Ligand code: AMP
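Listed next as structure tokens is one chain, alone, in the form predicted alone.
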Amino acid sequence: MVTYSEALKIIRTECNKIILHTEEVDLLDSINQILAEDVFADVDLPPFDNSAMDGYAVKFSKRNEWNIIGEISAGNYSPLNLSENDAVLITTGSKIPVNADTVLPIEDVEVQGNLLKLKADTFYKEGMNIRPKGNDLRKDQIAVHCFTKIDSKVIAALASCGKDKVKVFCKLRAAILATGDELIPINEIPADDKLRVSNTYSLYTVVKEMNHTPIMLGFIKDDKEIIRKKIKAAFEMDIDMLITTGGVSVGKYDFLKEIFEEEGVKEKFWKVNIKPGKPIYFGICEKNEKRILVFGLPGNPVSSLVNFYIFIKPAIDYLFHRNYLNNITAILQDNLKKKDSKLHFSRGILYEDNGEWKVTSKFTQSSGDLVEMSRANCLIVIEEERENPTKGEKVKCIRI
């Protein structure tokens, strides 16, 4: 059994050996994907000196009156050559005319016919209200770095660099399989000792939330040969990751660990000193010149989802150079029970109060209580050596 930090280190080591594939997509189809190239400015940004506001462009001098000789609006440049006596009406974003070096705000002047007058007690200085050419970025400088997640702000920057198509990393393909004789479809009413399968749905959607591609393999009974065929078929698919739930503990019908070994999966760790989710399995399957990450999660619904948040999500984020744990320090609002030496991930509700993060946890922390899990928005981290944290103490929380 390994510690949580040791397990994360092992996962990161294996992720470093993964080769990410890329594809070129239309800019508008790239939202929420990860950029796979540095994008350089193909022109100076802005490409010309322009006005930062509506006003009048002048050649700076110590005077307070000018003759208005024309106007320039955005996209309608006029090659006017100003003397010190001249002023040009100009709109925000418009190209500055020759010899002009200052823009007077429209609210600081008065217009009388073609005569422009500076209002009394109004201050102005040379160069004010002009955005110089290349002020944002010079041509051939990096505008957007590789591994940037593309959102609407990033798309604006890419568009300004003329990128109608961009190179992005391909989404990961994660196959999801649940095992257990007790499982039934969600559209059936549970009878006797049966339970509706929920793990595949939660795992499918959490992969989807990360903007990757989940592949639903459904659920199967605890029959070793049936499971073997399903696992074998999964490894023949074009997948980057296999996520299973159930069958990785030490029970009579926990076949997955044995099947993984028989199918050539190289075990990297099994069991981590945590609660919930101790019997997690992680291995690597090298198939068809690909390295498939294999995660065997516990069957308990809460343990399964918690394991995803603390192992699989960090693995995916690490692969794509993202901040792989969204940690916040908060003040505990309840006493928590913990008397063992495991690292606990307790469900909690994180909130901000007068600029201070606080977290409350009045849940039972049962590994099967999905209703509690659905109400939580964080995991409270209680370190191995820490016992019975009390109200008022600071704790680390992982947002979920």
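Every value quoted in this text rests on a predicted model; they were computed, and no experiment measured them. Position 1 is the first residue in the sequence shown; the rest follow in order.
Beyond the structure shown, there is the form predicted together with adenosine monophosphate (AMP), which is absent from this document and is the topic of what follows.
Interface residue remark: Thr245 is counted as part of the site for adenosine monophosphate (AMP) in the model of the complex, having a heavy atom within 4.5 Å. Put simply, His321 is far from adenosine monophosphate (AMP) in the model of the complex: not one heavy atom of it is within 4.5 Å. Though the partner is left out of this view, Ala175 does not reach within 4.5 Å of adenosine monophosphate (AMP) in the model of the complex, counting heavy atoms only. In the model of the complex, adenosine monophosphate (AMP) lies farther than 4.5 Å from every heavy atom of Lys167. Scanning Pro97, Pro301, Pro314, Pro214 against adenosine monophosphate (AMP) in the model of the complex with a 4.5 Å heavy atom cut-off leaves one residue, Pro301. With the partner omitted here, the residue from Ser160, Thr148, Ser198, Asn326 that has a non-hydrogen atom within 4.5 angstroms of adenosine monophosphate (AMP) in the model of the complex is Ser198. The candidate stretches are 267 to 275, 177 to 185, 109 to 117, 225 to 233, and the one lying within 4.5 Å of adenosine monophosphate (AMP) in the model of the complex by heavy atoms is 177 to 185.
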